[in-house]
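What follows is one chain in structure tokens, specifically the form predicted on its own.
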């Protein structure tokens, strides 16, 4: 059965849709667009949709990816049909045949805060040490997942992260910023997070 890769955007107004609801949204959209989905077998069949890097609540994106198996061939001509059904703030950018697998090796994210301008040197000092983040009672050192991180020069209230994905494991950039704010007792909070780009290799 044909498998397709969809590239899409999600703007801030739709950033609070959960991962499960995104799955449901895409399923409904394809049904309304009269595109035949491929379903799993068994007592509880579900459409074969896979988000390459699942999005957490509150995250918007300029270019995320999902793959889906269909019971029919489609072309880029379906993009307008799908986009006319999707809610405002979610748009398909392009479709391609998912002939070869891809492996995500990282992503670029921007974290925006409501702070007064940050002291860049303070942030660089923070990055020099271990950054231990505990999730589900398991500590992770965020440093091993950071390729680069910086305070965005023109505003000093935003951070830009190049995050490494290691064996499908990664650290959320907002957790790093939250740790920085807590460690230095800074009066600030995170407003929103934008995933700018997913980095991946083809033909794995």
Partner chain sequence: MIVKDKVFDVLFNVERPGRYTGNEINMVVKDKDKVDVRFAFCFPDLYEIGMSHLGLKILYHMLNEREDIYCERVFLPWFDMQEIMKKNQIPIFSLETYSTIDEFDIIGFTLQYEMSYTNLLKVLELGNIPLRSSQRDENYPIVIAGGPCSFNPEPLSSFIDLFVLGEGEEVTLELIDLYKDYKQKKYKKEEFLIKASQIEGIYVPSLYDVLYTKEGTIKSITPKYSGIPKIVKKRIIKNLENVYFPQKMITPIIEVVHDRVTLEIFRGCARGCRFCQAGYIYRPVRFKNKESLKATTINLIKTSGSNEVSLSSLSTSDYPDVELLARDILREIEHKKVNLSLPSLRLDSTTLELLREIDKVRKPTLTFAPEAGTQRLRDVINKNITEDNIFSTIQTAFEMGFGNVKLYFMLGLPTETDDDILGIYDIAKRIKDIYTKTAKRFRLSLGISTSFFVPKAHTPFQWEGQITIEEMQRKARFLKEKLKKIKGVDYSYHDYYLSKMEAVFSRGDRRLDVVLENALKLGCQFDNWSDYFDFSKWEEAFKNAGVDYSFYSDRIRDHDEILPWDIIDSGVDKEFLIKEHKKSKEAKTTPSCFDKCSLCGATTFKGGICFAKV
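All of these numbers come straight from a predicted model, not from anything done at the bench. Residue numbers count along the first chain shown, from 1.
Form predicted together with its partner chain: not shown, discussed below.
- The stretch in contact with its partner chain in the predicted complex, judged by heavy atoms within 4.5 Å, is 39-47, chosen from 61-69, 142-150, 163-171, 39-47.
- Contact with its partner chain in the predicted complex holds for none of 2, 96 and 101, as no heavy atom of theirs lies within 4.5 Å.
- Not displayed here, its partner chain is kept clear of residue 185 by more than 4.5 Å at the level of heavy atoms in the predicted complex.
- Heavy atoms of residue 179 never reach within 4.5 Å of its partner chain in the predicted complex, leaving it off the interface.
- Residue contact check for residue 156: one or more of its heavy atoms lie within 4.5 Å of its partner chain in the predicted complex.
- For residue 52, no non-hydrogen atom is located within 4.5 Å of its partner chain in the predicted complex, even though that partner is not displayed.
- Interface residues of 48-87, taken as those with a heavy atom within 4.5 Å of its partner chain in the predicted complex (partner not displayed): 57, 58, 87, in sequence order.
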